[in-house]
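Shown below, as structure tokens, is a lone chain in the form predicted on its own; questions about how it binds or moves come after it.
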Amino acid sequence: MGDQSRLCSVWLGSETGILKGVSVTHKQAFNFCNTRQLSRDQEIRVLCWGDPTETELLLGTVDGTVKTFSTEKGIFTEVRRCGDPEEGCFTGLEVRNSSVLTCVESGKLRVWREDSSEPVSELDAGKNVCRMRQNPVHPNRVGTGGKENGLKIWDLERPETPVFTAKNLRDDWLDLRRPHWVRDLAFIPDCDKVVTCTGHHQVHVFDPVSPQRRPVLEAEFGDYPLTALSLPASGDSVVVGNTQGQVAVLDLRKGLVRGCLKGLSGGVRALQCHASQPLVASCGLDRFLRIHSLEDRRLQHKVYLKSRLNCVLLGSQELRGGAEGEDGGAEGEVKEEEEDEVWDSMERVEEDTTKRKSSSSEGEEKKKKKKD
């Protein structure tokens, strides 16, 4: 499995608990999991790199455990308890120096050391948290947001109170309160601004440096809840996806839609732009991994992975595929060895056909008597 994991440039977490790796270059997909413990409790909700060299992968599951996967060996090397299932699923997983940051739906944001089974520090980000993200430039700062839980930016060195708390939107033209529902967020590079997408199909940009706590930019896309966003390397636009499989690129300077990415047929659950190439990967309910070009918005790669997908993580290496198909995308050959082993290990139940024959013969005799 180590040779297979080294080939993978894209990693995905599924509802079935299977960690999936995709090699765009070789157009292959692989499953990495322990088939004996495969259950819905092992559903993967979040993914992140464990080290800058990308030799370790951290994944958070529904049962509150964080697993470490070695991309060099192709095996899971560590499992640790970092939460309680009663507190909700993981909404964020990040690495800060030698510590691991976790956040769950109940708002418990914890810092864990490698050699400790108890959190070093803990803060309460409020209820119904949908996403926690770390500032890549300032690792001590993280952002949180959720349903009726506006954007908050925290300094982990001073976790008593947030350093920034977004103010609710102004009332509408009927003087009715406008609800807010942060579904995803990201820190814009080279500045202190934060962009969020909401369950009310809105995109907001906040500037913690300015005295204004309301959004400095408001934009809307579509009519359905936005579920995920990601920032390209340029930093002047944002890619957003919604529950209907619509993905668009929005300009962060004017708030206008630059274009839409076509080909998706199910709700989008995760998006990630490549760190150096103009590419964006998407996954969701339709069980496909898709990689689009942000330059011409064409579909570059498309791989069917059999399971509903929750999260996607790209490596820093360049994504280069083989020949394109008729639809402009390279179809990936999917190898589901691990899943096949699960079905092969099950006991075979043979149907008893004697009862069926006897019941059918009795029915025929009754029909004959009625005719007579």
Partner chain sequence: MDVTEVPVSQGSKSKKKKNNNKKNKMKDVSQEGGEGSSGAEKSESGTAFPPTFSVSEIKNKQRRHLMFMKLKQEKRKQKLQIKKQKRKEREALGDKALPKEVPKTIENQRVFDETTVDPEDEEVAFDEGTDEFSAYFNGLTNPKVLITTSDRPRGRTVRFCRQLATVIPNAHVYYRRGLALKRIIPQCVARDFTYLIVINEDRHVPNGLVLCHLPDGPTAHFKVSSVRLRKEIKRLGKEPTEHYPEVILNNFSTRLGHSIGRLFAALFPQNPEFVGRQVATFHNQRDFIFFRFHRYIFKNEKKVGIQELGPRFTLKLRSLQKGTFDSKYGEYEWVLKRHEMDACRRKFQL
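Just so you know, these numbers come straight off a predicted model, no measurement behind them. Numbering follows the first chain given and starts at 1.
Keep in mind that the form predicted in complex with its partner chain is not shown, yet the notes after this line are about it.
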If the criterion is a non-hydrogen atom within 4.5 angstroms, does every one of 134, 138 and 221 touch its partner chain in the model of the complex? no
(message) Test of understanding: in the model of the complex, would residue 288 fall inside 4.5 Å of its partner chain by heavy atoms?
(response) yes
Does its partner chain come within 4.5 Å of any heavy atom of residue 314 in the model of the complex? no
| request: Would you please decide whether residue 55 lies within 4.5 angstroms of its partner chain in the model of the complex, comparing each non-hydrogen atom pair? | output: no
message = Test of understanding: in the model of the complex, would residue 98 fall inside 4.5 Å of its partner chain by heavy atoms?
response = no
Picking from 235, 278, 255, 225, the single residue whose non-hydrogen atoms come within 4.5 angstroms of its partner chain in the model of the complex is 225
Interface check vs its partner chain in the model of the complex: of 245, 215, 119, 107, the one with a heavy atom inside 4.5 Å is 245
Among 70 to 78, 184 to 192, 266 to 274, 164 to 172, the stretch whose residues bring a heavy atom within 4.5 Å of its partner chain in the model of the complex is 266 to 274
Taking its partner chain in the model of the complex and a 4.5 Å non-hydrogen atom cutoff, the residues of 284 to 315 making contact are 285, 286, 287, 288, 302, 304, 305, 306, 307, 308
